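As structure tokens, one chain now follows by itself in the form predicted alone.
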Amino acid sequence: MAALTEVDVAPLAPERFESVLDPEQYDSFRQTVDRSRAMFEGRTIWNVNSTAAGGGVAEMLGPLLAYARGAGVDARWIVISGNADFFRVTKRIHNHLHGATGDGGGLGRAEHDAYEGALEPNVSELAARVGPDDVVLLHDPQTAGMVPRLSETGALVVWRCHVGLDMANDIAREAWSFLTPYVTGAAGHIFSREAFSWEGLDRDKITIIPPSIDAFSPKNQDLDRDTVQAILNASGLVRDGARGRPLFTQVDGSEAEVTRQAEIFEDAPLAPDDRVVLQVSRWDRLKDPLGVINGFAEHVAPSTDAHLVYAGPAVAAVSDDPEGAEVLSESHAAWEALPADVRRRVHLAALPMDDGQENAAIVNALQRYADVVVQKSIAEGFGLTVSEAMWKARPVVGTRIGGIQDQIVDGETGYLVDDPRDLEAYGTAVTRLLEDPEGAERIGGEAQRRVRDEFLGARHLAQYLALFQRLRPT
């Protein structure tokens, strides 16, 4: 039985960026695409991660590879397999990289054995397919152990870490110690922020490449108000109010309809005219769903008429996150404990994941429907939901951690809360936006412009291609 799964990626025309970039930006991007087409002729770029659905890495890979393929580059997406012990260890590493203890377990010899044992069939299978002129881009802790064996093929092997900590602590350093022997031999190391770079790695090998969103994907494509209402009605998130059809455009250009419903914990559905504060995140303690819920209940609900929606994926669908069901259960218990008058204004939604594009369309509609979007993470690698909401001209309240602070310019494109555990400050920022609709609209407009200039896929793809050319010029 094959250990690897190849994700089918249909090509997308890079020329579509002309409609969202200014002329100078687009001309620079087009020149990069032309160079890469010649550079990668007869070569393959392999991207390897641990899941095809759920989380920002999977969402970025699809469109980036599609545009590379549209530019004439043979870019492929490989998903590794793993057992329960492997994902337990990699989730522990993930938490440690954020400076958190997670399940409290260690990272010793037994964890190395479980990690390496699960990776062995994956790396053996991939090494047999990779050519010496190829490029292999490995993503996050789950793939780090593949670096030594794949480097032996002669291919250019680069490892990317999408998560990190602004100020390293001993817990994070324990994860670095676990992973460093595996990744040292890579030709390059990519981090999303300079602050995330590890001590002990060769500084000359480190490149900073922030993540990005795809403006044309089902999650970010333009939707009119009637379509937003129809999608939310079809998915069971808003009661009635739908005049259009719940349609969206799939990646291949075909039209599709939202038919699946979310699993929702609520006393009553949202009404079409309810004002909404929204967080979209995995069911992950580092996203602080309990803080989002309690902060809203204590510091937003008493002075506004707004509702809170916390939306995450259906937990069974995210294979590399064994803690998801636990966190959803904890969130449900916190919701049940709220006073009845507040509880009716708090809605927990586990969004269907059977079809990734349908899920993305539901998230798109939710973000466009929201009056304020929050990302109250305790730790964060980058937080693509921030750029997603900003692209839709939504004002965002986020914590001043990780890549969130790279996206939000405090007071201009949103508000930053200095202490992730300061529920009052979070509530005050949200309330300020709810009480000043004109100011919120102005901030949303500035947010959208910032994403266009800094966080679209054209910039991201150009940086990857420039790095590969620098590491192995032709």
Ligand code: UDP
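Heads up: residue numbers just count along the shown sequence, starting at 1. Bear in mind that the values here come from a model prediction, so they are computed numbers and not experimental data.
Beyond the structure shown, there is the form predicted in complex with this ligand, which is absent from this document and is the topic of what follows.
The stretch from 332 to 340, 152 to 160, 227 to 235, 351 to 359 that comes within 4.5 Å of this ligand in the model of the complex, counting heavy atoms only, is 351 to 359.
Although the partner is absent from the chain shown here, none of Gly295, Gly398 and Ala425 has a heavy atom within 4.5 Å of this ligand in the model of the complex. When this ligand is considered in the model of the complex, Arg282 lines it closely, a heavy atom lying within 4.5 Å. In the model of the complex, this ligand lies within 4.5 Å of some heavy atom of Val363. Shown alone here, Pro420 lies farther than 4.5 Å from this ligand in the model of the complex, counting heavy atoms only. Of the heavy atoms in His347, none are within 4.5 Å of this ligand in the model of the complex. Thr385 is the sole member of Ser192, Thr385, Thr143, Asn122 with a non-hydrogen atom within 4.5 Å of this ligand in the model of the complex. Residues from 29 to 57 that approach this ligand in the model of the complex with a non-hydrogen atom closer than or equal to 4.5 Å are Gly55, Gly56, in the order they occur in the chain.
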